[in-house]
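Shown below, as structure tokens, is a lone chain in the form predicted on its own; questions about how it binds or moves come after it.
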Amino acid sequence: MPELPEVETIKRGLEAHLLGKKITQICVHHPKVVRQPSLKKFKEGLAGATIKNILRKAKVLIIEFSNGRAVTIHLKMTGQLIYPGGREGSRLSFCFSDGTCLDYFDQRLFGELRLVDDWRQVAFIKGLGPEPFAMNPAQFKEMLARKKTKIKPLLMDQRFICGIGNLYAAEALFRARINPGVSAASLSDKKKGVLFKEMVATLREAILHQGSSVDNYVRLDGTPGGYVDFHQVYARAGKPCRVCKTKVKRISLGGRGTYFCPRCQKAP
């Protein structure tokens, strides 16, 4: 699933190409992708509207329109946005007055598009925790102090911190030299500070390289992101750690595959 860096990369691409464009038609090739409201109301609610603003909240894209309404796009596992569009296989296309289109692809139809009056009232968004970039080290330390949960599943809990998934939780923990199975409350204040620093740095570097194309994620122009080359542990099971040469290990933690270096991230 695209995480914060991937969705931020797409958001910046949309900003560069779509602001001010007027919708003339919504072409829906698979109705399941529109979750709210009805397909008829979705089309009617966007007819003639102009794109006013593009935002990101955690892993959700938000397109605000001139008529006061907004479309939220949660890409989930296989959702993709491609511009310029007009390609075969799209599930939905936003067509603009200049003759261009924005295509939405979703092989497994897990993604969700919603037309809403106030995106802040969408249930998923209301339940999100703070974004990593909206916090400071002291706030992060305070949040961890009250949690006995294992640190990696906690970082992936969108109600705790939003935007981080399996990939960037693994990478941040490696950089902080923290074993993914230790409890959050067991970390020293120093380690908590290191983790916050590395978490933010990992996300910023991934954005700089326009995300990680390990599954279905592509940038707005359909090309892959470049951060995969910088992964330290994610999807590198059996390969030598880039720091100590110990083989990277994969275990199951919280129902998810977890990658770490047994030597660099040795549990206390």
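What you see is a predicted model; the values in this text were computed from it and never measured. Note that residue numbering follows the sequence shown and begins at 1.
Missing here is the form predicted together with the DNA; even so, the following discussion is about that form.
> Does the DNA get within 4.5 angstroms of any non-hydrogen atom of Phe260 in the predicted bound form?
Residue-level check for Phe260: no, no contact with the DNA.
> Give a yes or no for Tyr234: in the predicted bound form, does one of its heavy atoms lie within 4.5 Å of a heavy atom belonging to the DNA?
Residue-level check for Tyr234: yes, a contact with the DNA.
> Is Glu8 a contact residue for the DNA in the predicted bound form, using a 4.5 Å heavy atom cut-off?
Contact with the DNA, no.
> Does at least one non-hydrogen atom of Thr100 fall within 4.5 angstroms of the DNA in the predicted bound form?
Although the DNA is absent here, Thr100 would stay clear of it in the predicted bound form, with no heavy atoms inside 4.5 Å.
> If contact means a heavy atom within 4.5 Å, which one of 171-179, 79-87, 92-100, 141-149 is the stretch that engages the DNA in the predicted bound form?
Going by heavy atoms within 4.5 Å, the stretch is 141-149.
> State the residue from His17, Lys247, Arg250, Lys22 whose non-hydrogen atoms include one within 4.5 Å of the DNA in the predicted bound form.
Selected option: Arg250.
> Have a look at Val194, Leu187, Leu115, Met156 for me and say which one sits with a heavy atom within 4.5 Å of the DNA in the predicted bound form.
Looking at Val194, Leu187, Leu115, Met156 one by one, just Met156 meets the 4.5 Å heavy-atom criterion.
> Looking at the DNA in the predicted bound form, do all three of Thr72, Pro130 and Phe133 come within 4.5 Å of it through at least one heavy atom?
Not a single listed residue reaches the DNA in the predicted bound form, so no.
> Can you tell me which residues in 1-32 come within 4.5 angstroms of the DNA in the predicted bound form, by heavy atoms?
Read in sequence order, the residues that approach the DNA (within 4.5 Å, in the predicted bound form) are Met1, Glu3, Lys32.
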